[in-house]
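This document starts with one chain, in the form predicted on its own, laid out as structure tokens.
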């Protein structure tokens, strides 16, 4: 399966989805003008990946190595927050289907609100997060 890369713009984050390596990454700022147009294809792709893994019986692969979801967002608006939660609810579906998942949430040291947003997301989707402080050059 090929890797999907959505390049970042001044309003949208970079998104990488790589099923072969069990990797999803979203980084930079998220404030798309048309939030549905940006996020719906991502949501649909993640749903299809979950189904493909379950139907293909590849669960054993993800028992030893987790499917890693990494979020390095410097900023996201309230419209994006709803769709980020939708992504995380799909992560919960991954987990409930027997796919081992790991969620890494990065935030800038002086941005306690972003750490708290991660904690809220973790609680809402019932999936534990790993928290990391992002270096300034991580967001460039």
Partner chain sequence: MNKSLNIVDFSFIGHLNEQKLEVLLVEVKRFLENNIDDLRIKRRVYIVAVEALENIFRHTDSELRKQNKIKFSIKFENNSYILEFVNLVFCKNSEKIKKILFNIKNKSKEEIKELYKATITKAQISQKGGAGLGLIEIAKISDNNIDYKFKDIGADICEFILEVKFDMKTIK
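Because the structure is a prediction, the values reported are computed rather than measured. Positions refer to the first chain, counted from 1.
Form predicted in complex with the partner chain: not shown, discussed below.
For the candidate set 55, 48, 60, 78, a heavy atom within 4.5 Å of the partner chain in the model of the complex is found for exactly one residue, namely 78. The listed set 94, 28, 83, 106 contains one residue whose heavy atoms approach the partner chain in the model of the complex to within 4.5 Å, identified as 83. Contact annotation for residue 20: none of its heavy atoms lies within 4.5 Å of the partner chain in the model of the complex.
Residue contact with the partner chain in the model of the complex: residue 33 places a heavy atom within 4.5 Å of it.
Though the partner is left out of this view, residue 120 does reach within 4.5 Å of the partner chain in the model of the complex, counting heavy atoms only. Put simply, residue 102 is far from the partner chain in the model of the complex: not one heavy atom of it is within 4.5 Å.
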